[in-house]
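Have a look below at one chain only, the form predicted on its own, in structure tokens format.
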Amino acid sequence: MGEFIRVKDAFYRYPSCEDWAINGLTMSISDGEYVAIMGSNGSGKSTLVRMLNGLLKPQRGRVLVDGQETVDEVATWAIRAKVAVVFQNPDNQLVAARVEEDVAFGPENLGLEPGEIRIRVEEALGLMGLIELRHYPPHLLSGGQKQRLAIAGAMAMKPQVLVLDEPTSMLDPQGRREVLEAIGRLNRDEGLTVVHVTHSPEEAALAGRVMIIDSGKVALDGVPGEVFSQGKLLQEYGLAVPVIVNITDGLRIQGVAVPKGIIGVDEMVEWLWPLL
């Protein structure tokens, strides 16, 4: 996997603030990765998201997407075509009267031929499981369906990276499952690079890599088992750990030799079952 996004010693400060929201941050994301980003409120994670496709530009340092600098105005639209961002409230991103028209909105603005637009709409609706809802008005959809529609609109632009800023925070459990399954499918089956910002350790544990942002810098970066095994450190950063991690810690205190790296229910069941 080649490096696709590179952030080098980047700084960003909002006009009304004295502190840096992004404070010398360095990180990279490779093709095909599924990276979860966590951090407490004010840690800088949402600012970082907006820097990844040039919505915000570093005031110092560099952000490169596929070798192109986000500060290069000539490269702006090419970068935004490669890195699509979906935010937490889908209602703010839906613009058309019918589902299929909403998905077509982005490709139409690219000036694509009608035949190509139809192909992209069909593919995106199929990927998100929305074919049967294509003629529905978006306001009649459930929260999970709306968020999948927002993702479908992004996918119709054929991005190489999908960035999701807390996409499940406004959803009920069913909607949350729908969106998480869709994200996993896109990464696993389509090879799409996914950057998923979330407050939920259970959601972050689904990724292949977890990055913790604190005070505008990368504080921890590794596979979920490594990151979530550092429960006390995570608490210092104002973050929760998966429930299973608390259970394994309790078992170890009782003398049960639970292997390191178990952070999910399925992993725990698989390990416990032979013991029973």
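Remember, predicted model here, so these are calculated numbers, not experimental data. One rule holds for the numbers: they count along the sequence shown, beginning at 1.
A second form of this protein, the form predicted together with a small molecule, is not displayed here; the remarks below concern that form.
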{"item": "Partner contact for T26 in the model of the complex: the small molecule, 4.5 angstroms, heavy atom", "value": "no"}
{"item": "Partner proximity in the model of the complex: Q68 to the small molecule, non-hydrogen atom cutoff 4.5 Å", "value": "no"}
{"item": "Contact label in the model of the complex: D102 to the small molecule, heavy atom within 4.5 Å", "value": "no"}
{"item": "is_contact(S46, the small molecule) in the model of the complex, heavy atom dist at most 4.5 Å", "value": "yes"}
{"item": "Interface segment, criterion being heavy atoms within 4.5 Å of the small molecule in the model of the complex, picked from 234-242, 221-229, 37-45, 203-211", "value": "37-45"}
{"item": "The unique member of R80, R185, R98, H199 whose heavy atoms fall within 4.5 Å of the small molecule in the model of the complex", "value": "H199"}
